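First, one chain by itself: the form predicted on its own, in structure tokens.
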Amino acid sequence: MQADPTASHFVDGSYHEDKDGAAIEVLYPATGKPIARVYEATDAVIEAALAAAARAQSDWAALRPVERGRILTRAAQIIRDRAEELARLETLDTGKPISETRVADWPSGADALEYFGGLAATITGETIPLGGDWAYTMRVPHGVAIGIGAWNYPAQIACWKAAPALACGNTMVFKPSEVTPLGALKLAEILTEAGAPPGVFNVVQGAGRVGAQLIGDGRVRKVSLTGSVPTGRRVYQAAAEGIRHVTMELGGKSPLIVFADADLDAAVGAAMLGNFYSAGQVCSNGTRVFVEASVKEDFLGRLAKRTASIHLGDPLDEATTMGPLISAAQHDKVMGYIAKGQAEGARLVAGGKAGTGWFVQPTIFADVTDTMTVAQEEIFGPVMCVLDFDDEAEVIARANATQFGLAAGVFTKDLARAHRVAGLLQAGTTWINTYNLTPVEMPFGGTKASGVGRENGRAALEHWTEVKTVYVGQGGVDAPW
């Protein structure tokens, strides 16, 4: 089983190889065996990509926005036309079941390209009357942007960054995670086929050294990262040296609150989606499930029964509903948290064991307290923590008692309570009676340590452009001398 790309990098409109960089073996998470090899970007590759992006930017920005939009829209259609091929590639790259990658990964990326392609021509300023004089504003692109992706949704993240960046007239050098390097290369190929000029979207491979070089280059005016909080702190600090604009979507330890009057079956389904989809490797997951004490055991019974139906297996088998973790290191990290949860007194309701290779059973802990490690730290695996609560004020305070603020969920049939609680939760996105839906029309991002800025929705345009103000004097100049 091989998935070797045409070359390691995509620079200035074509594939580019330079084997002087360190080899990066791409491992299929289901077997741990190599399926491809790419090479880390050398200084020469990094310079070529940045130079191409800088050279292409002014002409790209000078195009009529509707022309940029048409290119993005064509790219979206190409993705949809090649849906099965791309889903298979994403499964090989990430280990996710094909049943997921067919509906969630590249399709979300295509939606972003289509959405921002349609918005491109609507990015306008305003006029400001000032008596005889007047002023107007324009939204102008930052220039050269750096995108840094994560390994959990590599194709989607690449599209979520490229679509608004390019719609607004920026050019981009994108560095995917070294763990999942394949999808971004396909996106570059597709954008070029759709008509993007050389240099508009470039892809280079590598780990932290490559990212640091890209962020620190004087030609770069914008950095967009999806990653962990520790990585975010390093990137934010590096970007600050050059006073660069930054968008960061980081980690979370999100609360999902289930009141006694909720539809428990719906809440169970949401809790499972918010903990076990993509083997729990989703930044917005509702990993702290607060259940009102009076219905806790009923909730746990339904949850355990449905969790037993999850089928772990070959990600390319359509019957598989949960795949492996991304790497041996992530597998060991998650198993370490499971051991710690048991040692600290959490009650194991389901799972808790490792499967063959990098598989981990979907795991449920009950009787979790706020101070337990599993309730405090982001695990990024299929581990759900169920906590009890007695009243609304209590659970809001406990839900907010974290450094994170990416997402939250509320399940109740009392709509006044739902909106009241949603307004008080410290989270960038809060769902009511559902969880983890992220349509591209809706802004997404975190507060507190979970990030700055927003992706998707019209709000994203504010983070990929700057406001330029022009004052128009229509009379004489009144000077005191």
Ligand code: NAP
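Everything numeric here is computed off the predicted structure, so don't read it as measured data. We number the residues from 1 along the sequence you see.
In what follows, reference is made to the form predicted in complex with this ligand, a form of this protein that is not presented.
Notebook entry, point to check: Taking the pose of this ligand in the model of the complex and superimposing the site C-alphas, would you call this form open or blocked (blocked if 3 or more ligand atoms are within 2.4 Å of a backbone or C-beta atom)?
Noted result: Transferred pose: open.
Check: Does any heavy atom of Cys283 come within 4.5 Å of a heavy atom of this ligand in the model of the complex?
Finding: Cys283: contacts this ligand in the model of the complex.
Next item on the list: Using the partner position in the model of the complex, report whether Gly208 sits within 4.5 Å of this ligand, counting heavy atoms only.
Entry: Yes, Gly208 sits close enough to this ligand in the model of the complex that at least one of its heavy atoms falls within 4.5 Å.
Next item on the list: Using the partner position in the model of the complex, report whether Thr127 sits within 4.5 Å of this ligand, counting heavy atoms only.
Entry: No - in the model of the complex, heavy atoms of Thr127 and this ligand never come within 4.5 Å of each other.
Next item on the list: Tell me, yes or no, whether Asn170 is in contact with this ligand in the model of the complex, where a contact means a heavy atom of each within 4.5 Å.
Entry: Answer no; every heavy atom of Asn170 is more than 4.5 Å from this ligand in the model of the complex.
Note to self: Please tell me which of Asn400, Thr231, Ser99, Thr73 lies within 4.5 Å of this ligand in the model of the complex, judged by heavy atoms.
What the structure shows: For this set of options, the contacting one is Thr231.
Check: Quick one: of Thr363, Asn152, Thr287, Thr91, which gets a non-hydrogen atom within 4.5 angstroms of this ligand in the model of the complex?
Finding: Contact with this ligand in the model of the complex is made by Asn152 alone.
Notebook entry, point to check: Thinking of Ile157, Glu178 and Ile215 as one candidate spot, does this ligand come within 4.5 Å of a heavy atom in every one of them in the model of the complex?
Noted result: Every residue of the spot touches this ligand in the model of the complex.
Notebook entry, point to check: Quick one: which of 106-114, 265-273, 221-229, 309-317 gets within 4.5 Å of this ligand in the model of the complex, going by heavy atoms?
Noted result: That would be 221-229.
Check: Going by heavy atoms, what in 232-249 lies within 4.5 angstroms of this ligand in the model of the complex?
Finding: Stretch hits, in order: Arg234, Val235, Glu249.
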